[in-house]
Structures are given as C-alpha cells and as structure tokens.
Ligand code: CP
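Here we start with a single chain on its own, the form predicted on its own, put down as structure tokens.
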Amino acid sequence: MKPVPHLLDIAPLRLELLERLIERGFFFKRIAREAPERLKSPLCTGKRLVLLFFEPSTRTRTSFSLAAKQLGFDLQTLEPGSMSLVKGEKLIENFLNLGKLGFDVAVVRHPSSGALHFLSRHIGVSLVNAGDGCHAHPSQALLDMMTIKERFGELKGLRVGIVGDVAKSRVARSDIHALRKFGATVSLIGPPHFVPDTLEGPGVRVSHGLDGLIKGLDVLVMLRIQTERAAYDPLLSLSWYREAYAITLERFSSLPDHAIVLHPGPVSLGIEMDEEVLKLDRCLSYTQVENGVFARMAVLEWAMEGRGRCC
C-alpha cells in the first residue's frame, strides 16, 4: 500500500509544518474577505471527502464541512447508525470500503483513544483526526495557535494557563504539544483529580490554584467541565469548582491588560465562565470558531498535497 498523509496528532509534527499550516490558514482568512471566489483549491476541487463522526459535534463538524465545501471537495456525510457497523461489520472493514468507493480524505471523530492510529496502518484514505477519545484533537490545537498568533504575533515566551479537566481533555493534550513546540510555557490548573502531578514535565507545570497564577498569564485556555460527570463523580462539586476556578468578571480583572481567554466550546456558562466574560473583547471564543474553518482548510489542502507526492 502506498503511503498517504494523515493528521492524527500534534506530537509528531515538526514546528515548520505547524507554522506552514497556520500561515496557510491566515491566507485563507484573508482571501475569504478579499476574494472569496478564489478559495477553491485545485488540489481539492472534485476530490471526495467524507465526514464520519461517531460522537456528537457541532463546531468541529460544521467547521470541517464548511472548509471542505469552500475548497471544492465533493462532500459526503455518513452517519454511524447507517453504516454496517450496526450489522456487525468491523470498523476497519468499513474504512477499507471507503477507499474502494474512491474517497480521498476521511475526517473522523471516534470515542476510542488511538482508533485513528490503528486505522491509518491499514487503509489508503487520508485520515484527519477530529478528536479521538481523550487522546488528541490536532485541528483544535492549530486553530488555537492561529488565534493566539493573530493576537500576539508569535507564541515563543508566552505564558499560557490551561484550566479544567486536563487529564481527560484531548484539546489540552494537543494544545500542550503545540505550545511547547512554539516555545510557550504552560501551566496546567485544576483540582488534583483533574490535573494530577504526573502531567508535569519540561515546559509544563502543574498548579491546583488559579488565583496565585492568573496575574502572570498571557493566555488563559478554559476547558469545558463535563457537567454530566457531576452525577457520578463524588469529587466534582460544581459550586465548589466555580468558586475556585470559574472566570468571573472579578477574576478576569486580575489578568494582565493584554491577556486573552480562549475556550474550545461549548461553554458551560456559570460553571467555568460567566456570560459577561464571554462577551468581552479579550475573550476570543468566537474568533476561535471563525479561525477553525480556515485552519481546517489548511489541513485538508495539506492532506491532498501530500497524496499527490505519495501517490
């Protein structure tokens, strides 16, 4: 089987490739404003792309769909319930069939960590990881880096705090890899069962308190607290979490005047962030949504460019 490019994780990617993808995202953003008719890419026009989400998604799925359409892909969306998996067919057999049907790229979200790495060893369709279990969400990290770079010009030397259930967050894992590659320092912040000390490493520190660090941060990344866990997690008190870690207006005022707040969404208002903060100019959650389309356009175009070299 001839090799094809996959975007599975941030960890193995070179800094040069991350920079290239981000700059291409900025290119698409600029063209979208100046001459949107030029967004279609000759590498992608008429090629076949399938979206396959085994978990619910609004932002990521819609973002990839818009990205694919603007690049000129022939887009197909498959619902897992309509696939032969419900008849007992194995996951890998489904994906082998996608290749036989002529798809060039598959954008996949799956609840099992590592599922896409397994599939990538067996199929000839380029895979783009739209989130796998607690493992990785590489396109989210790219749009986050794009949003930070758009505000600060560069990421090297920035002090970034990531707040929430880091241990179970694929967004946090991908962001940490990207931030370290760009030379930022990272503080992981949350209660011990969300942020165990074992997550500490080169360029990454663990803290169980936010108020002592917030004055020294340039970027604050808030993670969604899975409120559905509250029913069965004896350590999760939503009112206590809000008191200790939520970004209220008062806590936001402790940030430096230049600092920004990011959130991958959806936001649990009143738990990790107050609605008044979400509306502030330095809370860039909606900018992340906008940049997500352009970052994902860069990823999909890169996948097709790589197929041309490999195949």
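Since this is a predicted model, take the numbers as computed values, not measurements. In this text, residue numbers run from 1 along the sequence as written.
This protein has a second form, the form predicted in complex with the named molecule, left out of what is shown; the following refers to that one.
Colleague: Picking from 278-286, 40-48, 259-267, 25-33, which part of the chain touches the named molecule in the model of the complex when contact means heavy atoms within 4.5 Å?
Modeller: So the stretch in question is 259-267.
Colleague: Which of these residues, 251, 69, 59, 242, gets a heavy atom within 4.5 Å of the named molecule in the model of the complex?
Modeller: The option sitting close enough to the partner is 59.
Colleague: Do heavy atoms from each of 135, 174 and 177 fall within 4.5 Å of the named molecule in the model of the complex?
Modeller: No, because 135, 174 and 177 lack any heavy atom that approaches the named molecule to within 4.5 Å in the model of the complex.
Colleague: Since only the chain is shown here, I'm wondering whether residue 109 would be in contact with the named molecule in the model of the complex (any heavy atom pair within 4.5 Å).
Modeller: Yes, residue 109 is a contact residue.
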